[in-house]
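Heads up, the chain below is alone and in the form predicted on its own; it's given as structure tokens.
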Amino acid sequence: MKIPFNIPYLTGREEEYFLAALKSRRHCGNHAFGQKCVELMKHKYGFHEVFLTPSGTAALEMGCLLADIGPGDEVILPSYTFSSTGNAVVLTGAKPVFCEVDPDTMNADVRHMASLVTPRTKLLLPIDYAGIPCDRTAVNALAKKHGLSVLVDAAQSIHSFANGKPCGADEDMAAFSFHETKNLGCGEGGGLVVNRPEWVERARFLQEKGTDRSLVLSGVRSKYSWVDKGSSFLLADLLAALLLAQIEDVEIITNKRKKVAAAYHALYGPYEKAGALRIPHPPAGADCNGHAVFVIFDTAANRDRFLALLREKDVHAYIGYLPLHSSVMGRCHGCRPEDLPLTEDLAARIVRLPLYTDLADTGLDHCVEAMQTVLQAMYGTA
């Protein structure tokens, strides 16, 4: 039996909604299905405003524009993240400043982040790795202390909660991804949450190619003009139709993924106690959405051996991110591998386990048995 790293989930209503969107002849952004997605997200999570975008990458780029960062500014973010997080900064002309991670969560180490603040710092850009909420209390406190804005890369944390608050509801901005590898997917898609009321109108301009077209649509003006920088930060209504079906079933999806995550924690926990590896330890008050489970092996060689043995059983895990600070682009911005030794070390030993919604119903026992066999071959019985 093959266990891939990911399979997109279908609720069963996607075809109905897609055909309805197709027949509406209103296929571009901000039409009926997109509006339904936005209103449902605002109702479920208390977001002030939501802008659906073509991708999580686009949501990050729109957020950085909205924060008005540019040449001469600095943005602090973890090195252990996807290239989109760094690109959103670089495209504005601002400088990315990379911080270390907390090995319990692989999220930004806020104490290290605090040590990197300078007079040029303008934005904090933490992530919610594996659906684990970053330390929002500490991040927001740091931002308030220095007069900074906060944009959380929440690509993986839809329907995760921190101290009872939904991820994305308690910061200036949050960027979600609805890529097919995420809990909720529409092929390619994203969303920017904006919780500062005074930023909402400008966000509409940025989303509509830098024009005030939104004022025409709302009846305030008779024609629109180019008023700001921007891009086509719009999700096609055809894709929003797929997304709506997913948002409607977010509780079902989350519960299934949590079942898979719980099975993995039960399997790997004893090996952690034996000192062979580490597993995630979300902070107190976190309710995670089961997006991903990572394992940090004792050595890079054992990480590679685990992946190879698992592939022999047709079970496919993933190595995780390569640190941005030591990448080609990171070096172009003056970074060196030795700048963040902990991130370098952890990234060489981490594995993300296969985790998708349908696995909860089909293949989970087989997957766990295969992993157990591999772990016993490597470390013996825990």
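Don't overthink the numbering: it's just position in the shown sequence, from 1. Because the structure is predicted, anything quoted here is derived from the model rather than measured.
The protein also exists as the form predicted in complex with a small molecule; that form is not presented, and the subsequent description refers to it.
> Looking at heavy atoms inside 4.5 Å, which stretch does the small molecule contact in the model of the complex, given the options 164-172, 110-118, 135-143, 84-92?
Answer to the contact question: 84-92.
> Could you tell me if all three of 257, 289 and 359 have a heavy atom no more than 4.5 Å from the small molecule in the model of the complex?
No, none of the three is in contact.
> So which of 207, 246, 79, 156 reaches within 4.5 angstroms of the small molecule in the model of the complex, heavy atom to heavy atom?
Comparing distances to the small molecule in the model of the complex, the residue within 4.5 Å is 156.
> What is the one choice in 99, 184, 240, 127 with a heavy atom within 4.5 Å of the small molecule in the model of the complex?
Answer to the contact question: 127.
> According to a 4.5 angstroms non-hydrogen atom cut-off, is residue 56 in contact with the small molecule in the model of the complex?
Yes, residue 56 is a contact residue.
> Residue 321 versus the small molecule, in the model of the complex: is there a non-hydrogen atom within 4.5 Å?
Output for residue 321 is yes: heavy atoms within 4.5 Å of the small molecule.
> Are any of the heavy atoms in residue 189 no more than 4.5 Å from a heavy atom of the small molecule in the model of the complex?
Looking in the model of the complex, residue contacts with the small molecule include residue 189, since a heavy atom lies within 4.5 Å.
> Please tell me whether any heavy atom belonging to residue 122 falls inside 4.5 Å of a heavy atom of the small molecule, as the geometry stands in the model of the complex.
Residue 122: no, not in contact with the small molecule in the model of the complex.
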